[in-house]
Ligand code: CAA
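This document opens with one chain alone, in structure tokens, the form predicted on its own.
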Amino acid sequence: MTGVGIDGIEIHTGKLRLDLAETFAPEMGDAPEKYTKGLGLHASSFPDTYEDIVTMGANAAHRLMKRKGLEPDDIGRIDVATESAFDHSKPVSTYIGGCLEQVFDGDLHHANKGERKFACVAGTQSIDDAYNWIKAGRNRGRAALVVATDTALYARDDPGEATQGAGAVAMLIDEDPDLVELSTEQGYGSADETDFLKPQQQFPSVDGKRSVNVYLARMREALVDYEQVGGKIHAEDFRLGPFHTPFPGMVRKAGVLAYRHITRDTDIEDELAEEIGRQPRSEAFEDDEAYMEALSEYTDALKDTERYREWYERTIDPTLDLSRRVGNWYTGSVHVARVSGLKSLAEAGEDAVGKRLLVGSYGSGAQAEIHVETVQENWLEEIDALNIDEQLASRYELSFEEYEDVHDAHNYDEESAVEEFTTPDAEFAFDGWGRMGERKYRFVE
């Protein structure tokens, strides 16, 4: 059967920018390095007052469909992944479908629409659903539109406040894809965790330290599970490793643990043994505590080796560039990482056709997924078609007082009358409330 994967991708970032080092840090009484070096973040994107998860998702989807020359009849399903939904019944996909019907001839009445929720991993799960739908032959020759859209806000003065962000990623899932083909093999790590949750509330409750540990544990489980079906992973097998990126600092932790795992019992471990010794084995220790301490010491030493640093700079770091400039997009995070990595290869003039990506998605609560993607022949045209650099450069620069106003404007518990900072142009915008409290949208010419 023909391969299935991501045929096209588009990104829409929030129109506003908050500089973490120059604007946020001084007001928090922090050194800029706490954000730029510790978290690995330089700026966050925020939605203007006329933007939300629907407008951002619809704008990304609209541009993708126009660029690919698609009409509503070409789309058989619309899946939206979000953890910022504002309705417990009506899915965001219906709003986005309604927006698209304003600008295309025909309608999307025969497209199956749904909404996925599993924290940040839901975007990847939506891709899985579309993949399975096509592989099962239920698509009738049509493609699936997957939209990952979120406004990732935290309560004021929450430790996670600096990692905020807002934006959407729209992806077309189809046969014979132009960007990447998805592997049949997947690996999972899942457990009942309470590291991050929103029990009937807009802003998350987060156990930061536990969340990092759960992320790393589930990712490792998923890696081990993937190897049961996909075979042993080797460090040189993959050109890029796009991981879920709530902030780049977390991926730095994940990167060294992944490298430790995939170099175990390999020639790389043998070569590094002369410098830092071999990886500890549990059977050599009397108890788990002593083993874990030895493993931690080895990991710290591994992180400082030239061999690891070269691998990290080549495989992981290119996937983090966009995240540093936009913050966390929850369900869109790993998909931004994929684009960031491929964009860096395109800018370097590298021929990436046939190269493989090891993609690690994660959602709190908690579940991780590992799968492999193979870069396709037309990948460069897809990446070159993105206008993300122009979007980033045109963002409105917020003062701290303006940031406070914007935060209030998007806080459901606050009544706010903040004026818009930018002017919508050839895009969807929020257009007030309907008679049953529904949100309304219009396309601004």
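The shown structure was predicted, so the numbers you read here are calculated from the model rather than taken from an experiment. We number the residues from 1 along the sequence you see.
There is also a form predicted in complex with acetoacetyl-coenzyme A; it is not shown, and the following applies to it.
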| property | result |
| --- | --- |
| In the predicted complex, the one of Ser126, Asn328, Ser93, Thr82 near acetoacetyl-coenzyme A [non-hydrogen atom within 4.5 angstroms] | Asn328 |
| Option touching acetoacetyl-coenzyme A, based on a heavy atom within 4.5 Å in the predicted complex, out of Val206, Ile276, Leu345, Leu257 | Val206 |
| Pro246, heavy atom within 4.5 angstroms of acetoacetyl-coenzyme A in the predicted complex | yes |
| Contact of Gly97 with acetoacetyl-coenzyme A in the predicted complex (heavy atom, 4.5 Å) | no |
| Heavy atom of Ser364 within 4.5 Å of acetoacetyl-coenzyme A in the predicted complex | yes |
| Ala31, heavy atom within 4.5 angstroms of acetoacetyl-coenzyme A in the predicted complex | yes |
| Pro72, Asn112 and Val146 each touching acetoacetyl-coenzyme A in the predicted complex (heavy atom, 4.5 Å) | no |
| Proximity to acetoacetyl-coenzyme A in the predicted complex (heavy atom, within 4.5 Å), stretch among 153-161, 134-142, 317-325, 175-183 | 153-161 |
| Contact set, 208-240 vs acetoacetyl-coenzyme A in the predicted complex - heavy atom within 4.5 angstroms | Gly208, Lys209, Ser211, Val212, Tyr215 |
